[in-house]
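Shown below, as structure tokens, is a lone chain in the form predicted on its own; questions about how it binds or moves come after it.
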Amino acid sequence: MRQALAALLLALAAAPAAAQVAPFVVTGDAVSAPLDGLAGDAGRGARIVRNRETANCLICHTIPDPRETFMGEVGPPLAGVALRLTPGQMRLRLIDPTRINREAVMPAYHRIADLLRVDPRWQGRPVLTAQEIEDVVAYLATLRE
């Protein structure tokens, strides 16, 4: 029994930080403070948005980049999103869009509790880490046109 417990504790200690959901405070329709106090990088955020294996934003949204093809139209276009939403509003929509709209189709990217039909790759961990959320927010904040 002790060996099993020791093995479990060792595995938990070795688990990647991605398995953790950062604490946050919702005020109105936003999470004003960056997750874990992290600064985002717009270049990394752009790569995350374009990555069709993880965030897969382009399956539902368009971005202002004519080089991108096969973008979706389920969600609103991301062009000009920085004029419509504050970084805090963007952050909450990425963390958990159902906090804004209970019927949201967009997945919660930084939540692990009470989810349905979760791909086994993401069970028990958020799709995007706190750093990745901040990177995407930094990129979206550049989309002013």
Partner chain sequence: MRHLVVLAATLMLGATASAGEVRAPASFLSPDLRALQDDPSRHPGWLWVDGGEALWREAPRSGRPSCEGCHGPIDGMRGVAARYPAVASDGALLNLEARIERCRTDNQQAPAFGYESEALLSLTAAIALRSRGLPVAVETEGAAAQHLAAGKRFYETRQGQLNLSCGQCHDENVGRRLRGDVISSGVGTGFPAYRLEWNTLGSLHRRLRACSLGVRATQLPYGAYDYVALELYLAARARGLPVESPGIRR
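Worth saying up front: this structure is predicted, and the values here are computed from it rather than measured. Positions refer to the first chain, counted from 1.
Another form exists, predicted together with its partner chain; not displayed. Remarks below refer to it.
In the model of the complex, none of the heavy atoms of Arg84 sits within 4.5 Å of a heavy atom of its partner chain. Using a 4.5 angstroms threshold between heavy atoms, Gly37 stays clear of its partner chain in the model of the complex. Its partner chain is not drawn, but in the model of the complex it has no heavy atom within 4.5 Å of Ser32. Taking the partner from the other structure, its partner chain in the model of the complex has no heavy atom within 4.5 Å of any heavy atom of Gly45. Contact annotation: of the candidates Val118, Ala79, Val26, Ile100, the single residue with a non-hydrogen atom within 4.5 angstroms of its partner chain in the model of the complex is Val118. For the partner-free chain shown, Pro120, Arg121, Trp122, Arg125, Pro126, Val127 of 120-139 come within 4.5 angstroms of its partner chain in the model of the complex, judged by any non-hydrogen atom.
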